[in-house]
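Consider the single chain below, provided in structure tokens and representing the form predicted on its own.
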């Protein structure tokens, strides 16, 4: 059973061109979402290597999101498809480390989807709250 006082630490790798701009839109629109998310801006979701995800989860993060442009809209042509192809590898690695697959999520969020960004952040926070702290959390 999860601790009612548990506040998850979640890292969101957001592509510069779409999902980071979506996060900015959520902020300027004053849309509410939990402060549990640490947003890290990357140029493209395709540059987030599976080792970065696993490293974050084994060093104290309770959950990790990769957010990128919708397929077909990547500013680097196929970077988001590269991110999608890495998803299976990440999920296999989670299993190897004894972590629930729900601790990782890949989402497509465009620059105009501030409300969707806020919704995904709320959903991820609630999912991680339900799972409880990562076994690797110090």
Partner chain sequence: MTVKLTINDNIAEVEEGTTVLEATEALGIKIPTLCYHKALSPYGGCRLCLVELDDGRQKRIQTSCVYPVQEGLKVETDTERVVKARKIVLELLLARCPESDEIKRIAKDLGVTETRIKKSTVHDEKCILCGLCVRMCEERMGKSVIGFANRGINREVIPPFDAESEICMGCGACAFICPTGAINPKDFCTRGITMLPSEFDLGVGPRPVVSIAFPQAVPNTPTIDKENCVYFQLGKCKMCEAVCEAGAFDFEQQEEIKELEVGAVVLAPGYEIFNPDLKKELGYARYPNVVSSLQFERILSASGPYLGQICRPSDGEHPKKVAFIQCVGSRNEENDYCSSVCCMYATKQAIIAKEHEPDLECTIFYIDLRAYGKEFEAYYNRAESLGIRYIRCRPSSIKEVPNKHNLRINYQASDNELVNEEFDLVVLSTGLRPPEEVNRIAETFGIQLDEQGFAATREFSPIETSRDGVYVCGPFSEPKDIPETVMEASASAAGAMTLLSEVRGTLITHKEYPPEKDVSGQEPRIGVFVCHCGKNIGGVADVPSVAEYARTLPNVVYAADSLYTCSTDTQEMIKEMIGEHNLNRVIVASCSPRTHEPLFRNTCREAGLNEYLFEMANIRDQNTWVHMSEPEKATKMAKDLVRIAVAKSRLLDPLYRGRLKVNNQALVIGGGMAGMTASLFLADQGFHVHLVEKEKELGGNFLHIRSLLNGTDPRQRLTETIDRVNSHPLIDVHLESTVTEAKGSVGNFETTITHNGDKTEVAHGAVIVATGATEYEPTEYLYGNNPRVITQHALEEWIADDNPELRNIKSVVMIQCVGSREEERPYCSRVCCSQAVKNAIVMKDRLPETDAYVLYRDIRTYGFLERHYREAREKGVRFIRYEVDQKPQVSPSQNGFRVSVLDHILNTNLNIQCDLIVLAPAIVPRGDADEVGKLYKVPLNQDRFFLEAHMKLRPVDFATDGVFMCGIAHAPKSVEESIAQASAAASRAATLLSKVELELDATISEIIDANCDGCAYCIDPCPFAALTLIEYMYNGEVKKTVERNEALCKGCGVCMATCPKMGIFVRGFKPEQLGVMVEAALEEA
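Residue numbers count along the first chain shown, from 1. Nothing here was measured: the structure is a model prediction, and the numbers come from that model.
What follows is about the form predicted in complex with its partner chain, which we do not show.
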>> Check for me whether its partner chain, as it appears in the predicted complex, comes within 4.5 angstroms of all of 65, 106 and 124 - heavy atoms only.
In response: no
>> Under a 4.5 Å heavy atom criterion, is residue 89 part of the interface with its partner chain in the predicted complex?
In response: no
>> Residue-level contact is defined here as any heavy atom of the residue lying within 4.5 Å of its partner chain in the predicted complex; does residue 97 satisfy this criterion?
In response: no
> Does any heavy atom of residue 84 come within 4.5 Å of a heavy atom of its partner chain in the predicted complex?
Replying inline: no
> For residue 115, is any heavy atom within 4.5 Å of its partner chain in the predicted complex, or not?
Replying inline: yes
> In sequence order, which positions of 46-68 have a non-hydrogen atom within 4.5 Å of its partner chain in the predicted complex?
Replying inline: 46, 47, 48, 49, 50, 52, 56, 59, 60, 61
